[in-house]
Every structure is written in C-alpha cells, then in structure tokens.
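Presented below, as structure tokens, is a lone chain in the form predicted on its own.
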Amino acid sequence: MPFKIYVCVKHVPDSAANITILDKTRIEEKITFIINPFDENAIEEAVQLRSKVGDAEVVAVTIGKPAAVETLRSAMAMGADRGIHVVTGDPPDSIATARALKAAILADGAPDIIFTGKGSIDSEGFQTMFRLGAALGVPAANNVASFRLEGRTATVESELEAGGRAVIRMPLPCVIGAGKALNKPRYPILPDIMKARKKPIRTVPMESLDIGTPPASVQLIELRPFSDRRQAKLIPGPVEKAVEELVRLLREEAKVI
C-alpha cells in the first residue's frame, strides 16, 4: 500500500477582492476565489514528503460549493495526485467540517499523515485541524515551521507567541497545520495546470456522509463590514513631553497599558 498523504484545502475569497455583503449571512460571490494561502504551504510540504517517501500518494480534500472544484484543481496543479470534493451548500462550521473531513478521508483510505493550513483567511477560526485530530483520535500540531519524518514519528517545531517555538514529536498518523515559515510553495506552470485538468476528482455529497449529530454547533448570525475608526494624532512638543503624553493616551484612552 502506498503511503497516504491527505491535504485539506479550502476555497476562500481573495483577500484583495472587494467584499459586498448581500444580507446578514451572505456575500456577493461574483468575486475571485482562491485556494487558502496557508493551504499552499500544506500542499508543498505534502509534495516534498512524497518525493522523500517514494511510494506515496497526495490526495487533496475540500468541502464547499461546486465552484470549490477549482481549488482542488489548483492543489493538483501544485502536485496533488487526485482530489476529493465534499459538495455542500452553506459552509459548515469547524465541528461539522472536521467530521465530514474525517468521514471522507476514511472512506477513501487509511491516512498516514494529514496536512492542513494553520487557518483559513476567511473565518480565521484556527480550530479545524485540532477538531479533525480529535475526531480521528490522533495528535495534531499547528503553525508548524519545520517538519521531519523519521520512520513512523514526525518531529515538528510550532511557532508560538513572542517568537517562541515548541518541539513536538508525534506518532503517525497525525495532523500537521502548516505555517508560512514551513516552506516556499511552488507556483504551477502551464503544463502543470493542463495536467491537473486530467487528474481525477471524486465528488461526495455532504449529506451522504455519516457524520452523526455534533454535540454543539456554531451559527452565523450576522455579517458586518469592517469599520476602521482609527485616527492619526500628532503629539507636538519636546520628545520628553511627547513621550509622557503618548504614555498617558495609551493608558487612559486606548487602555492598552
């Protein structure tokens, strides 16, 4: 059996797009969608691992509307061998997403390792990789900056706040949330894009998966456009007085110190 590497990817709005809110819970989708940027690092690491392992297969998995197939094509242009598209209407929360990913992956085969991005740029929940690990009963690490596989043990360094790093050793299978420092993703050239059009994608309706009833759920109540109320303020006078005034403003008005 080949070494099975799964990569979970997400179809997200381009961060440079002008997002228009149509009603309380929907956005105008006639904009550019892309593969989640952190997922590019996950794909790159999976492809590099395949070349090191030898007899291995990289399978990209996504959950989303029919248009999300384009994100799978992007993943395959970057090197994934094939794709699995769990088709759904409204995007599920991280709890249902993890359960659906688990069901889709196990229906396809037994994973040796699963890569994800450290988070998605649309919802920024940073929960799915941990929920997927919990659902599968395997360890998980996020914001991974280095990765090494020795036999059936993965050693990773996870970036923490304030520049710290944690070294984590995990038995396979495990879930790895890739951070930007992990690698530099390759960008596909035209032949890669053309070849990706011929790679197989298995379509799975979300309702066909046995994910049970989650014990909890998250409901989207309302979307609101971001309003930046910050205003620049010039503090005149000598440096010493200006610093004193800055400290006072930070303490009394901004309340950050």
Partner chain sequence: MPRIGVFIETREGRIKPAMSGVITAARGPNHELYGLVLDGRAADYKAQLQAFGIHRIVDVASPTGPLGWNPDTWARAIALAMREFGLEALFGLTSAMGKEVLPRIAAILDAPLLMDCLRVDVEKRTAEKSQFSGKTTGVFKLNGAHCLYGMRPNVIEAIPAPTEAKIDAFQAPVTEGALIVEALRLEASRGVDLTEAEIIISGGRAMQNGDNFRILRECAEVLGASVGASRVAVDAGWVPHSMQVGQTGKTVSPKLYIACGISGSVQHFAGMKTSGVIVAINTDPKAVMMQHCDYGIAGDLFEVVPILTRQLKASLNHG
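Residue numbers count along the first chain shown, from 1. Note that the rigid core is defined as the largest set of C-alphas that superpose within 1.5 Å between two forms. Given the structure is predicted, the values throughout are model-derived calculations rather than measurements.
Keep in mind that the form predicted in complex with the partner chain is missing from the display, and what follows is about it.
Residue contact with the partner chain in the model of the complex: residue 246 places a heavy atom within 4.5 Å of it. In the model of the complex, the partner chain sits beyond 4.5 Å of every heavy atom of residue 23. The closest heavy atom approach of residue 152 to the partner chain in the model of the complex falls outside 4.5 Å.
Within this chain, residue 130 lines the site of the partner chain in the model of the complex, having a heavy atom no more than 4.5 Å away.
Contact residues in stretch 146 to 162 (any heavy atom within 4.5 Å of the partner chain, taken in the model of the complex) are 155, 157, 158, 159, 160, 161, 162.
Comparing the forms between the shown form and the other one, the C-alpha position of residue 17 differs by less than 2 angstroms, with the core used for superposition.
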